[in-house]
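To begin, one chain is listed below as structure tokens, in the form predicted alone.
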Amino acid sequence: MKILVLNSGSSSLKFILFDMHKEAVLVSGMVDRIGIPESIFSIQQSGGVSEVIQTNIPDHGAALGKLFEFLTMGPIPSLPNIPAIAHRVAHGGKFRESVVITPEVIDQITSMNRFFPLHNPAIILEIEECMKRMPHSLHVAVFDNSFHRDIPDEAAIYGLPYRYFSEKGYKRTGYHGNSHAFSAFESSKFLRRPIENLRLITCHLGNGASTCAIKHGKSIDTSLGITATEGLIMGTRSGDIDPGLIPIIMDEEGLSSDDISDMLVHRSGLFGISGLSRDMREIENAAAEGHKRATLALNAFCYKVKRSIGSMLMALGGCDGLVFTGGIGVNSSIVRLKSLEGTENLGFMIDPVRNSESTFLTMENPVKEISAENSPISILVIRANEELMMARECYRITRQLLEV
């Protein structure tokens, strides 16, 4: 069975076509700069052949048209050869587990637009356009917060009047669930221990970032909340701030709620502190050259990661494995080292040589250990594969429906 995985951003569309018999990638790629002149369509085929096409793609419908045209010219004879499509959705409203997409599901996704004003409209457009073009296929919404559905109420509730929790459902829901779940699964395989016996802390560090406490294979706490702004410092997102500061800044600068939201989501984080970039590679390079604000951004990012690891450690009551994943987590030895600086007595003993060695992680070999030989806690670097987790969910649901 072939499963197509789609992941839409506001101006991008990532795709991977899986053959689920061996969980092999047949083709993958990305349509970038949608709605912007000189759009880019990049393709990576299973044989290692890659191609980059520059063209004009005005919207997500045109991006899908370009993708389907390419697929039917090579990887598959016709679109009906793809029986199911997995669509990545941040939050499904009342739906907390992967579901077949219906008008009710789309309504629930739409109800979350205020929480995800940049991404949700693009996701809904991609789903609707895809369903028009592939009515013969099963369309499955795979939610980024599903993995965190078991977080207990005492960890999820905010200190607001109770009605916001009971009536509106405003509580910690978390995201990056597919990444955290994949890290837990691969940790269990690598350590050769049943996932039910492991206590894991996973750190998904990228432009978006979060930590997660995983006990017996289930998420019991995470740093992101109901929006994608809480927790760690991120590329352009603020992470935790004193909420009492928000009305003060609004009054001082005459800002509207949209203005303050724009600042917290698009003009804060690494970019806001450094004044240079949201890209950790550029931050590290500038810090190495003595740029004070870049150094502050780097140190603040790592300190918040360290503090969050500590809170997850207390939630778990102990730890068997710590995972770094995501673009920064996999590629930045500096961030990994600084985030664990001074934590040796807590059991996080990193090997500086292993940590600094560059290792090319692949889908076939996604794990590298960087802990010292005598470290009581295993420290791992894992290449994220959220798309594979999505494909597995979609495959599971499709098989269930076929068996019925």
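Values in this document were obtained by computation on a predicted structure and should not be read as measured data. Residue positions are given as counts along the sequence shown, with the first one as 1.
One more form of this protein exists, namely the form predicted in complex with adenosine-5'-diphosphate; it is left out here, but the text below deals with it.
Taken together, the three residues G206, R278 and G327 all come within 4.5 Å of adenosine-5'-diphosphate in the model of the complex, as judged by their closest heavy atom.
Stretch-level contact analysis of 137-145, 77-85, 330-338, 123-131 against adenosine-5'-diphosphate in the model of the complex, using heavy atoms and a 4.5 Å limit, identifies 330-338. This chain is drawn without adenosine-5'-diphosphate; in the model of the complex, the residue among E230, E284, D320, E186 with a heavy atom within 4.5 Å of it is E284.
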